[in-house]
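Just the one chain here, laid out as structure tokens, in the form predicted alone.
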Amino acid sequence: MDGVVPFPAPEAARYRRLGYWEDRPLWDAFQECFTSFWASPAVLSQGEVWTFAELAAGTERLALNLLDLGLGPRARVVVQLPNCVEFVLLYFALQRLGAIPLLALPGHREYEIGHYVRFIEAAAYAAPPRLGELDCLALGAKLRADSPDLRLVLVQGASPGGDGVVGIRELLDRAPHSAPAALRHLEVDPSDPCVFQLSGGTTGIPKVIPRTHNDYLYNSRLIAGVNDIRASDRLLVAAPIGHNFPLASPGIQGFFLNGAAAVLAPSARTEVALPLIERHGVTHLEVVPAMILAWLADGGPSRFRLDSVRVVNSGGQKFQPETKRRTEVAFPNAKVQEVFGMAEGLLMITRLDDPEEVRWETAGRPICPDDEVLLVDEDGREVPDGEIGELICRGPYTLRGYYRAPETNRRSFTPDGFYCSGDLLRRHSSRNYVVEGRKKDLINRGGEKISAEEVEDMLLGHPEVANVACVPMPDPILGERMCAFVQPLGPKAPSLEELTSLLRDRGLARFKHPERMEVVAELPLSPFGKVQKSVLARRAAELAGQPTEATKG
């Protein structure tokens, strides 16, 4: 497919020979599981319960109606739906057609959506009527006028009418013109993308990640195998469903493959998400640290019965050991299982039978024996065990290039196909890995490189700190100093001296201590809950040179 960098033929042949790739469309595997678990609940969402049988029937009808509207193999669709049944139905209907959804996030706005529509030459845009202040219907009309390939706007719920606008629920009720046999005659290449994911950057337009039918099915099967998923289990989906983590790592894909159900939360707010855990007996959570920290700060775990939860998966950002300990107190029957992953492919996860200190201190290890993982220095040389290096990787479910991005690919991949992640890790004595931050998350204080996450980890141990982010602040002499943005746990914020005293007591080198502290009501977050350090760095630059409380020396 034009714009997609293929896996080299020898490696692709090897992945097939080893059984990693099944060489069939993603939908084929899900059709099998829908049939196997026919009568079991699959999706619970805002009072609705859909069994696998109902999901299969709804997917077929929706796919046939979309086929009538001109969508088929390789048609591209920008999907900007919240956590709702329509997302699940549309996602699998597009898989059945061999069409390719690009999964935008609810927080994206006209700039990003317009770019995606034009960049992938989308034939359709799917969204609710509104997302906050965004009028998606008006945006859809504008995009149709400006983008010759965009023919169709698919709306969550019923359609308000208008040229080229149709409601997803209406398509579920409409008798299709095409017969079911038409779907069986569609030709879908398992080497084609089944989905376009987006890179996890917090600045600029995220890059488009093509995940193939072969690699994405393997991705979900493999990580589900180390997540203790049983057919009676239920996953709470509170993060945006289109992100790689709640969709496929293991996400709804991994749970469906095992006959388990997904509980869709329209929001991650304490008063929305935690009652769903109690009401539906949720067994698995997939969270980002900001969610857990918010629930703990609200005292939510003390107000709801949460003893059904067995596994808490955390991803998207390093989950500090202190917060893991607090989480296992709040969810008394659960173990925290950290996932270090990327929409680009590679997944690491702690194992549930790892020793407690290993689960708390590390981000796990790769899920596939053919995940090739190297930690390298700035010259591309491997670093010794225990030292920090940049993670580069390749394997049977890690991409070989971003979509239609040859210049970016030359910078992001080595000549022999390793993806240069920009993540800084070190290998733990357990052979698991510890995340130490990002290359761009280093603070260079007079030539001394400081990992912001190392300092943040310790500061989260202060009893008055709910969350913290450390960023560089320009300095005319040292180049950069560290500024700590602190979200207090209660009405009283700790002083800078109290924070540095904690670091001093922990034995952290003095040059790593923050030299400025700013108290914030909350930290700015990306649509998926990652702290937007670029926003805080700009704020720190504005504060540079202004009077501040600071330690001396």
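Residue numbers run from 1 along the displayed sequence. Just so we're clear, the structure is a prediction, and the values are computed from it rather than from any experiment. Think of the rigid core as the biggest set of C-alphas that the two forms share within 1.5 Å after superposition.
One more form of this protein, predicted together with a small molecule, exists but is not displayed; see below.
- This chain lacks the partner; the member of Glu344, Glu322, Glu454, Asp228 within 4.5 angstroms of the small molecule in the predicted complex by a non-hydrogen atom is Glu344.
- Only one of Ser308, Gln317, Thr270, Ser159 comes within 4.5 Å of the small molecule in the predicted complex through a heavy atom, and that residue is Gln317.
- Screening 472-480, 351-359, 308-316, 405-413 for residues having heavy atoms within 4.5 Å of the small molecule in the predicted complex returns a single hit, 308-316.
- In the predicted complex, the small molecule sits within 4.5 Å of a heavy atom of Asn444.
- The small molecule is not drawn, but in the predicted complex it has no heavy atom within 4.5 Å of Glu86.
- None of the heavy atoms of Ser147 is located within 4.5 Å of the small molecule in the predicted complex.
- Contact annotation: Tyr433 falls outside 4.5 Å of the small molecule in the predicted complex, judged by heavy atom distances.
- Superposition on the rigid core between the shown form and the other one places the CA atom of Phe511 2 Å or more away from its counterpart.
- Core-aligned CA deviation for Lys440 between the shown form and the other one: 2 Å or greater.
- In the predicted complex, the Cα atoms of Lys440 and Asn409 sit 3 Å or more nearer to each other than they do here.
- Note: Arg325-Asp441 Cα separation is 3 Å or more longer in the predicted complex than here.
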